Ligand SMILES: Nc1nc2c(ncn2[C@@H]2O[C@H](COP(=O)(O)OP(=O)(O)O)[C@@H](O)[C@H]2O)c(=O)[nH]1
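Below you'll find only one chain, the form predicted alone, shown as structure tokens.
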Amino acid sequence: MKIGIIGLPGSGKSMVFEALTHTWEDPGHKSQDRIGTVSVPDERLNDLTGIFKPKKVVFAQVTYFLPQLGPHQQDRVYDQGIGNRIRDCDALIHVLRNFSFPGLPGPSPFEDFARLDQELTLNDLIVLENRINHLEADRKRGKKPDEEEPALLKACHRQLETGQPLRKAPELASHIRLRGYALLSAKPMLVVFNNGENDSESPALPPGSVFSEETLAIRGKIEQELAQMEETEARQFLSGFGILESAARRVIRRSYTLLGLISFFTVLSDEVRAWTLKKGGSALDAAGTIHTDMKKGFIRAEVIAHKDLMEAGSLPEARKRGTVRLEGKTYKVQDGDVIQIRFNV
């Protein structure tokens, strides 16, 4: 899972990136894009480790990508190059400044959101218009038309012309024929209000606002400092500010929900591993996530729910209780399933 972090200059994008990734900016490379990969915390892996005592524990991973404007572009709202660099991201985090800072006007997070979101929408309109024109030119040259693609592109164009991003039309945003375009306004988005140190709440909506995005409020500066601390010190720090859970954990959990993702687990003789799968994915999809050979030679999946395994205390005991099941390729994997794929290639 790769998530791009966007926001207007001064929103605190770097602050949020460092809070999430526990990585720090090199002063000599301020204009370079930044990438940080972190493990997805999951207490269920700790439970499985306690039962199986593996030599290796592998957490699921999430990668955060922070594209940077060059020094000569810092006064721009949006840069075409950034748009191209975030196209391969699965989702976007839009950071909005909701704190006061000397030399900057007072925070206006909803206005800032509208400015940048409009730029994403305009970018998509340009992409769509270019493709529609290209298809029309092909048709005039006698090339056999593809009726579905032009119709989809025009439907997307109509949606964007109303000022609404494609993520507000899920049937379009998720259409398989449009995946190759990687349209920016179609990507799931989590809006993060970057608050001041003494403000833990999301800002109130302006009167008459139709803002309806998924949101999360964090105290970015505090979270950035927290990321630099040892675990014991960090827990005390959290408690002192009345923060029940770090922003890193909250953002990951909300990102999974936003993308419709679940976790399943595999256990080998020396390894316990977490995997990520789309909610509603089948046992065959899970097999393909692990290895293409498993998908090709799939026979059966041996499945037990994490809760049932914990209650049994071991796989042999779970088998005695009848909570280990054999499932076929169409079985819908549930969050927390522990799966062993039987296959033959």
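All figures in this text were calculated on a predicted structure; none of them were measured in a lab. Numbers follow the displayed sequence, beginning with 1.
The next section is about a form of this same protein that is not shown, the form predicted together with the named molecule.
166-174, 190-198, 266-274, 249-257: which one contacts the named molecule in the model of the complex at 4.5 Å, heavy atom to heavy atom?
-> Heavy-atom contact with the partner occurs in 190-198.
Any of the heavy atoms of residue 110 lying within 4.5 Å of the named molecule in the model of the complex?
-> Flag for residue 110 set to no.
Residue 221: heavy atom within 4.5 Å of the named molecule in the model of the complex?
-> It does: once the named molecule is placed as it appears in the model of the complex, residue 221 has a heavy atom within 4.5 Å of it.
Any of the heavy atoms of residue 15 lying within 4.5 Å of the named molecule in the model of the complex?
-> Close contact exists here: in the model of the complex, residue 15 approaches the named molecule to within 4.5 Å, heavy atoms only.
Heavy atoms within 4.5 Å of the named molecule in the model of the complex: does residue 8 have any?
-> Yes, contact at 4.5 Å.
Exactly one of 236, 212, 228, 100 has a non-hydrogen atom within 4.5 Å of the named molecule in the model of the complex; which residue is it?
-> The residue in contact is 100.
Residues within 4.5 Å of the named molecule in the model of the complex, restricted to 235-270 and counted by heavy atom | The stretch 235-270, when checked against the named molecule in the model of the complex, contributes no residue at the 4.5 Å heavy-atom cut-off.
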